[in-house]
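Single chain ahead, by itself, as C-alpha cells, in the form predicted on its own.
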C-alpha cells in the first residue's frame, strides 16, 4: 500500500527556510544550514551524480526516505520560488537539466503550464486544482510506490489538513534562524494526533518520525 510521506529539515525554532528567499536565494538567508547534514552523505551524493560520501546512520535514514518513492508532490515555491503567471519563456526550476527525483513530480500552482520533461526520468506536471488532485495524480503515477510530499511548508500543511498525510519525518537541526518560513502556522484542523514512532540522534541532526 502506498504511503504519503513528508520529510523536511527544520530549525530548532521551527523554520524550514530563512528570510528573504528568492529565485537567487531559494532557501533564504541562513536556510542552507538546515540541509548541511545531507550534503556529505553517500545516498544524497549518489542521486546527484557525485561519487563517495559518508555511510552512517544519517545516511541510512536519508536512503530510507527515498528508496520507495514513486512520485513527488511539491509547491510552486519549492519548484522555482516564483509566483504569478509563468510568462512566455518560463523558468525550468531550481533542479538543473537532470533533476535528482527520477520519478514524476506534481507541482501545485495557480497558473497552468504544459508538463516539463527533463533528463533522468523526471517530468514536472503542474496541477492547478488543489492538493487532493495532486496526490490523486501522484498515486496513479507512482505504480505502487510511496508519495513524497517534498515541500515546502505550505504544501505539507495542506496535505496534513486534508487528512492525506500518513508519515511525517522532521530532521531537527540545532540552529535558531529567528525568522523565515515556519513549518507550522495556524492550522485549519484542530487536535491532530501524531504518534511518535522513532527518534534517532546524531551529532548534527535529530530525526523525529511520526505516524498520523
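Numbering follows the first chain given and starts at 1. From a predicted model like this one, the values you see are computed outputs, not experimental measurements.
What comes next is about the form predicted in complex with another copy of the chain, which does not appear here.
> For the chain shown here without its partner, which stretch in 44 to 52, 145 to 153, 166 to 174, 65 to 73 has non-hydrogen atoms within 4.5 angstroms of another copy of the chain in the predicted bound form?
Result for this chain: 166 to 174.
> Could you check which residue among 160, 27, 38, 61 gets a heavy atom within 4.5 Å of another copy of the chain in the predicted bound form?
By the 4.5 Å heavy-atom cutoff, the listed residue in contact is 160.
> Hey, in the predicted bound form, is residue 23 touching another copy of the chain, heavy atoms inside 4.5 Å?
Answer no; every heavy atom of residue 23 is more than 4.5 Å from another copy of the chain in the predicted bound form.
> Heavy atoms within 4.5 Å of another copy of the chain in the predicted bound form: does residue 179 have any?
Result yes; residue 179 sits at the interface with another copy of the chain in the predicted bound form.
> Is residue 4 close enough to touch another copy of the chain in the predicted bound form, meaning at least one heavy atom pair within 4.5 Å?
Looking in the predicted bound form, residue contacts with another copy of the chain do not include residue 4, since no heavy atom lies within 4.5 Å.
> Given that another copy of the chain is not shown alongside this chain, does residue 8 nevertheless sit within 4.5 Å of it in the predicted bound form, heavy atom to heavy atom?
Residue 8: no, not in contact with another copy of the chain in the predicted bound form.
> What residues in 9 to 40 sit within 4.5 Å of another copy of the chain in the predicted bound form, counting heavy atoms only?
Contacts from 9 to 40: 12, 13, 15, 33.
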